[in-house]
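Just the one chain here, laid out as structure tokens, in the form predicted on its own.
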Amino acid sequence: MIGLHNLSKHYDDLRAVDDVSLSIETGSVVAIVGTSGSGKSTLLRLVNRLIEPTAGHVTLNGQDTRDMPAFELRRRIGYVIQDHGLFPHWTVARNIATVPRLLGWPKDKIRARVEELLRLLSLDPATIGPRFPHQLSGGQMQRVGVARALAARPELLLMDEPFGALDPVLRGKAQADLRAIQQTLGSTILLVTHDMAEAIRLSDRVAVMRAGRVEQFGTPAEILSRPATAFVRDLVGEGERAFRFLSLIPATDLAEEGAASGQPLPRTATASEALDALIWQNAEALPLEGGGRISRAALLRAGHP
């Protein structure tokens, strides 16, 4: 459990973060979303004490982080930033091994951990490990940055706009990879993003920030169906609200008995993906792999929480 307790950071008259309290369950993903200047990145840096708070404190599994040496705290917290921050003169393998080496891990344990993470992130250790950052694609650098942050098995992973520099195709793949890795490792993640769709896709809970304060903290479904303020409603976007809500629902939850013609929907599809397929194929219903069907009427009903 990660606790943020009345956390504030003031710069003269500017309240960059203003009395923020959040509880982050172990093994969950929490997204902090808001417009530029809302305090998202400042809040993240307060968590690992890259900057010190004006007031309030953070607890990590019940321990007040003010009682920890800063270097120890940062070894317990992984940190991923948008430009990855890889050391350009070090190989990929050495970049990933940075914190384990500082912790004095045995060489064979470090080597095994580097190879394990590269494989987990769909990177070949023999091919990618010896390369330098400038020899990687943007997507590869992003995955190496995640691997480095995970190397010492941190209790918390902080991610500050980690996919912002990627093109839409790579961004979608990176998001899917992160969610799969999180579910495999059970990592606790605090993710900063300005993209509400990304927050909804990746997180268990969403904190919407404005002017240094949290306007709403809830599940993606709660944020979409019951926005607490006009600002949250505007950030969600009325025009995309139904599709975003459908993206939270597995298509199998809406399956009906009966047959239908057309390209079968995979059982992993979301309701929004199913509706997209129905529109594209101009169909009233489509078959579902393994039996049953998904109808347009059922999807339209589900899109109105």
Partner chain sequence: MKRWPALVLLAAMLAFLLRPALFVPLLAPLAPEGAPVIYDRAGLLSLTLAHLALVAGAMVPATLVAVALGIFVRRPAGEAFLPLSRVVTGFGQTFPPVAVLALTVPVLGFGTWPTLLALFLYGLLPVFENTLAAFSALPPSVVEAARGTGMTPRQRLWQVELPLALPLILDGVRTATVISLSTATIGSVVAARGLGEVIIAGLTSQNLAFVAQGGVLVAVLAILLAQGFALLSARLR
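Source: prediction; values computed, not measured. Residue numbers count along the first chain shown, from 1.
There is another form of the same protein, the form predicted in complex with the partner chain; it is not shown, and what comes next is about it.
Proximity to the partner chain in the predicted complex, defined as a heavy atom within 4.5 Å, singles out one entry of V99, A93, L156, V232, which is V99. Exactly one listed residue, out of R179, H89, R226, K109, brings a non-hydrogen atom to within 4.5 Å of the partner chain in the predicted complex: H89. Heavy atoms within 4.5 Å of the partner chain in the predicted complex belong, among the stretches 195 to 203, 167 to 175, 69 to 77, 216 to 224, to residues of 69 to 77. Using a 4.5 Å cut-off to the partner chain in the predicted complex, each of L50, G85 and R148 places a heavy atom inside that distance.
The partner chain in the predicted complex is approached by R45, whose closest heavy atom lies within 4.5 angstroms of it. Contact between I81 and the partner chain in the predicted complex is found at the 4.5 Å heavy atom cutoff.
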